[in-house]
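We begin with a single chain expressed as structure tokens, specifically the form predicted on its own.
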């Protein structure tokens, strides 16, 4: 999972992630007094939303910068730095919630095993993350561009985007009963007009861009923009080709 996030950029230019995640909180339906873990909490906006329900909520994220930002914004909530692929907690929860985080975790079996271990009997797991085909246009443009420059894209893709069948089978393997699963397209508008795709690439595509010097990085971004423009740019705004997976599962 990425651990070198620019938390200010995330809040200022990619805040739609948390805004759209509020619908997942409706699926969670938190109750006063419940103990809930927000897995991959980012800068804490949805953790705060859950806390407003009266639930006792804790946020965990592998990114130190994200957790620092969350603690600064919401000092009344407990936030900890931790790896979801190595969950080892001395407490259990009524629910585990996750929004836009599980697709950064390349070992989903370990994540699922950890979630199972920290849920109380009858507890629920509610999540949304990237599903099969998510941001496929952007990934194709990145990989085509780098390949044309003679740069291998092997091991550069940081994401796990499963199908419904793949993911619900994984949940069932560890004992969960899936009660709800939905895979859907959600073209998502980026802020700042022409700069929208640049914000997305700088925020999320670091594994593809991080080894490039500044001129090459700029050239790659510009080429990706031109490849994506006929498909993802309309009426002066970028729309990223999100495909999301939502699940509810019970222990």
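Because the structure is predicted, anything quoted here is derived from the model rather than measured. Numbering follows the first chain given and starts at 1.
FYI, the form predicted together with a small molecule isn't displayed, but the following is about it.
Colleague: Can you work out whether the small molecule is within 4.5 angstroms of a heavy atom in all three of 100, 130 and 200 in the predicted bound form?
Modeller: Judged in the predicted bound form, 100, 130 and 200 all sit within 4.5 Å of the small molecule.
Colleague: Select from the listed residues 135, 111, 119, 126 the one whose heavy atoms reach within 4.5 Å of the small molecule in the predicted bound form.
Modeller: Contact check passes for 135.
Colleague: Does the 4.5 Å heavy atom contact test between residue 79 and the small molecule in the predicted bound form come out positive?
Modeller: Answer no; every heavy atom of residue 79 is more than 4.5 Å from the small molecule in the predicted bound form.
Colleague: Would you check, heavy atoms only and a 4.5 Å threshold, whether residue 239 touches the small molecule in the predicted bound form?
Modeller: Output for residue 239 is no: heavy atoms all beyond 4.5 Å of the small molecule.
Colleague: Verify the contact flag for residue 104: yes if a non-hydrogen atom of it lies within 4.5 Å of a non-hydrogen atom of the small molecule in the predicted bound form, no if not.
Modeller: Looking in the predicted bound form, residue contacts with the small molecule include residue 104, since a heavy atom lies within 4.5 Å.
Colleague: Looking in the predicted bound form, any heavy atom of residue 74 within 4.5 Å of the small molecule?
Modeller: Residue 74 lies outside the contact set for the small molecule.
Colleague: In the predicted bound form, which of the stretches 174 to 182, 159 to 167, 81 to 89, 141 to 149 has residues with heavy atoms within 4.5 Å of the small molecule?
Modeller: Correct option: 159 to 167.
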